[in-house]
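The chain below stands alone and is given in structure tokens; this is the form predicted alone.
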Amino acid sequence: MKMANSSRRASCGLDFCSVPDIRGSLQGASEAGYDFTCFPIVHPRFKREFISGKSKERPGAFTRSDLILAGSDWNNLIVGKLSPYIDVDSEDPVVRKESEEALNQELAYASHLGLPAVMFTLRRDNQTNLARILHNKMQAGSTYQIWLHLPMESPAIAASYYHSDEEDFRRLHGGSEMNTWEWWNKFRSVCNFEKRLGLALEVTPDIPSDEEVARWMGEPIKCLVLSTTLFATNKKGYPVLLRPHQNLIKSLATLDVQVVIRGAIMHGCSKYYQQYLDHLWQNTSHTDPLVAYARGYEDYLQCPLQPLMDNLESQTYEVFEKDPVKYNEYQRAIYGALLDMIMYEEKDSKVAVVMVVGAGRGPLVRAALNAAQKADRKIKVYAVEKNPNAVVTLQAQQEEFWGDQVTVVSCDMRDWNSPEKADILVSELLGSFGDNELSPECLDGAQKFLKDDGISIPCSYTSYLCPVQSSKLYNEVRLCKEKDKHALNHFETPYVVHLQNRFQLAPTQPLFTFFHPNKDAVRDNTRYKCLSFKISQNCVLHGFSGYFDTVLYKNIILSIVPETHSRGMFSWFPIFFPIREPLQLRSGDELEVHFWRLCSKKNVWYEWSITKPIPVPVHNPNGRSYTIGL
């Protein structure tokens, strides 16, 4: 099946309750613009008997032949639907046994056809036997995905809005047995968060609260199911969604979900629904440079850079230099510092010494020169860079553009002996967690050539932490096993990731702060802090997302914290700290997490642990799985 792309068009499927003519139905759906269809694997009214009964010996095939369609059509255009009467969790042992046989028969045929996905409707809370059977099939190597179809809001809760009995209303809304997310959570937990288990989430007429919708955003939604009864009719007679449903669809469209239209055609032609959804998708285009830059990297795990140990490649420098926000803010900070440092009366006689440590290919050197020109102040620049390949670029620019105003130094800033002290020390050594690229250690080493009244840009930075739910990230981490490494290595490693398919369980909280220049008598960059988060609704913890903000100078700030993100800046994605096993949390729980930043002579590493609501072992003890090399 084609995947949806919010920048172009919606990937839509058309649902059929029964299909007398499969070729005709498939052709009609294709002509109407649909990318795939949902067909019953067996006619929904054709019950089979496997243990006893008259139909046990009935001759003939139980469903249509695979020769009706080409193999590529079965593989790409059809999602199979299991028979609705199958109830493998029935209290009646005969019904349960018959249902198990029917389920195995239909799943075997789906596998034979090579269907990309099989859809089944979850109708109640306790379907543990069904979860066990499907999990076993997936563990045995089935090729299809399982799409679990359920509504955002259960029919019982939808009906309760019309109840006059207040006690009955509160009972339904407060109980987990009527909450469809609880149904899903129990089912996928029994299936051990299987990667091939996804959601076919039906949008209901009554939209749940914003908090519940946000929780669904952290789940592996494969498609949205829209009933034709949700659509109103506009003045021209075409189907449209009401504004609340439009906003809901647009927010979920960021997850690259597909859409399935089901129900009776109420507006003349099924094509109109697909055209309207296309229109809705095209109007969801984003102008934020971060969204454009990150497209294709959503929820993609990357190992954090270690520029102190490794020399960055030219392409990496090039990507960071395209950031439209970061270097403008650095230029503003240097401009402000120059104006404060050199009075107008001194502008012709005083020359400020600016040292750019970790100069890369020179964007901060250019920012400093532009700031000096704008401020009408004289500066002398030292560009210090340890990467010999980047030094080539710096030297070329010095010869061609900068001249004697810039001195290029090919050396590790911690080992360099400067000929004079700096008025302004400029660096961009920050990682996704602020200090995770060893900015504290580097700047402490470089501080020796900053004047006592000198200015450091940045002057401080703070890391932030937030608990998150994301089945997708959990499964991505689970797939990262490597030979010859500790069994838990992948769960004790932080990853840089553009978070998309996730639910934030509580507001972000500040963690570690570093100041520069560091005036402490004894410089110690180890840190420890315990944070407590209040959980507002039932959810699952899969790890912690990390962010940072930095004060460059006075009120000039760069931030990747969600609440204060510098709009348009894409130089840093958040960092993700996984936990070994998903942790079920209940509304009202207090989540207590402990975080350490630890150092040795050769390495820096993080350790993290949870003590409430239940204790969890320390992750990454002694840096056994992940360290940052000094």
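Residue positions are given as counts along the sequence shown, with the first one as 1. Keep in mind that this is a model prediction, so the values were computed, not measured.
The form predicted in complex with another copy of the chain exists for this protein as well; it is not shown, and the discussion that follows is about that form.
K.L.:
Among 373, 555, 315, 136, which has any heavy atom within 4.5 Å of another copy of the chain in the model of the complex?
P.N.:
Only one option qualifies, and that one is 136.
K.L.:
Which one, 564, 30, 584, 603, lies within 4.5 Å of another copy of the chain in the model of the complex by heavy atoms?
P.N.:
Of the listed residues, the single hit is 584.
K.L.:
Please name which of the stretches 262 to 270, 200 to 208, 461 to 469, 89 to 97 has residues with heavy atoms lying within 4.5 Å of another copy of the chain in the model of the complex.
P.N.:
Comparing against another copy of the chain in the model of the complex, the contact stretch is 89 to 97.
K.L.:
Answer for residue 526 alone: is it within 4.5 Å of another copy of the chain in the model of the complex, judged on heavy atom distances?
P.N.:
Yes - in the model of the complex, heavy atoms of residue 526 and another copy of the chain come within 4.5 Å of each other.
K.L.:
Answer for residue 140 alone: is it within 4.5 Å of another copy of the chain in the model of the complex, judged on heavy atom distances?
P.N.:
Residue 140: contacts another copy of the chain in the model of the complex.
K.L.:
Should residue 11 be classed as touching another copy of the chain in the model of the complex when contacts are defined as heavy atoms within 4.5 Å?
P.N.:
Close contact is absent here: in the model of the complex, residue 11 is far from another copy of the chain, nothing within 4.5 Å, heavy atoms only.
K.L.:
Can you work out whether residue 24 and another copy of the chain are in contact in the model of the complex, taking contact to mean some heavy atom pair no more than 4.5 Å apart?
P.N.:
Heavy-atom contact with another copy of the chain at 4.5 Å: absent for residue 24.
K.L.:
In the model of the complex, does each residue in the set 611, 614 and 621 place a non-hydrogen atom within 4.5 angstroms of another copy of the chain?
P.N.:
The answer is yes; 611, 614 and 621 each reach another copy of the chain.
K.L.:
Using the arrangement in the model of the complex, list in sequence order the residues of 186 to 215 with any heavy atom within 4.5 angstroms of another copy of the chain.
P.N.:
The stretch touches the partner through 186, 189, 190, 192.
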